[in-house]
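Let's start with one chain on its own, the form predicted on its own, as structure tokens.
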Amino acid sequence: MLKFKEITKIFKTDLTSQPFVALDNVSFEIPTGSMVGFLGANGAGKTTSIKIIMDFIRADQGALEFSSELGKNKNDILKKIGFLPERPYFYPNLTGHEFLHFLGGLSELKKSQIDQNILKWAPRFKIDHALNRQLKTYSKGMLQRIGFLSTIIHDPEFIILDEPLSGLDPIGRKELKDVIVDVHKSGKTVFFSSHIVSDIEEICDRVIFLQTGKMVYDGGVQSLLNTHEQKDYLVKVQGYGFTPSVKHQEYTRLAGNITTFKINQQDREVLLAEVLNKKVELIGLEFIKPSLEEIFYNIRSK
């Protein structure tokens, strides 16, 4: 769907300041039909990359290549892209219905096509009840929903979402993530930018890491998790008196007379033998799997 090839972007502020390298020789690919998470802290270069994809700004070096299925020229390609910016602008005096028809008209859709797509997606976004109200009466969550709906109103093939869940409450985030998954299952390619790591881990099959304008990782989410696997176990036993002979960490005492500690994988069999010999009640032995968030922050701290 898209190839980002050795892109460098440098911002020059004034004569007295050093140029700011927003992107430093960044390359990645977004396969057709994929759900790709774009991850990085604020200032990592995510929004700059998206602006280059959308042709809002130009790279200083490198090349951007779109798949031929999107079109042969820039206008055709942009017609098949749906983009939700991090800070979208909404015309406050338009109703939700008028706003959707306005943006659908910009994409050269017929009124009947717009109405059909509204009928299909508005209930899924749980925004159908408010379409006759002016946008200035909408809450933050409702604006995110109408913004997302306007992004797919023209049935694009490639959908780019820049921090679409930012500022939403947990229920709103869960509901919009479900819609993102539904859109992807309908055959669309989704490029999903976020600094909320758990959202990326939950719904994306691939992840791209940027850190201070440099590429850190591009690949499968599960592959990244497997690469950083610690192979440790969390042990829970009944009582406070048992102390294993093997090396252990994070020794804690919990309510209910329960003791927990962490051991290495190679010490598991020794630990189990000690538990049996000393007749200690074993409550749990759980493999510790690192989250994408832990990996992300470990990478940032290096």
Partner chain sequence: MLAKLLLISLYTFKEIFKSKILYITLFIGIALMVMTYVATEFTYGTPDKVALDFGLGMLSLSSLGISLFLGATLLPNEINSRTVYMVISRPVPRWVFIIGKILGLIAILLINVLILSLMTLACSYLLGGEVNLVTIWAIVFNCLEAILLLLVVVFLSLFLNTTLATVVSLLILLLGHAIKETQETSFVKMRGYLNTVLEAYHLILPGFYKLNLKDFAIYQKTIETSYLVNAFLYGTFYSLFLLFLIIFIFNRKNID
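Positions refer to the first chain, counted from 1. All of these numbers come straight from a predicted model, not from anything done at the bench.
Only in words, not in the display: the form predicted together with its partner chain, which the text now covers.
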As a check of understanding, the residue in 121, 192, 158, 99 with any heavy atom within 4.5 Å of its partner chain in the model of the complex should be identified as 99
The one residue among 197, 131, 94, 181 placing a heavy atom within 4.5 Å of its partner chain in the model of the complex is 94
Exactly one listed stretch (198-206, 171-179, 100-108, 184-192) reaches within 4.5 angstroms of its partner chain in the model of the complex by non-hydrogen atoms, and it is 100-108
How about residue 55: is it within 4.5 Å of its partner chain in the model of the complex, going by heavy atoms? yes
* To do: Answer with yes or no whether residue 216 is in contact with its partner chain in the model of the complex, where contact means some heavy atom within 4.5 Å.
  => no
Touches its partner chain in the model of the complex: residue 126 (any heavy atom, 4.5 Å): no
Practice task
Mark residue 20 yes when one of its heavy atoms lies within 4.5 Å of a heavy atom of its partner chain in the model of the complex, and no otherwise.
Solution key: no
Checked 60-76 against its partner chain in the model of the complex; residues with a heavy atom within 4.5 Å, sequence order, are 75
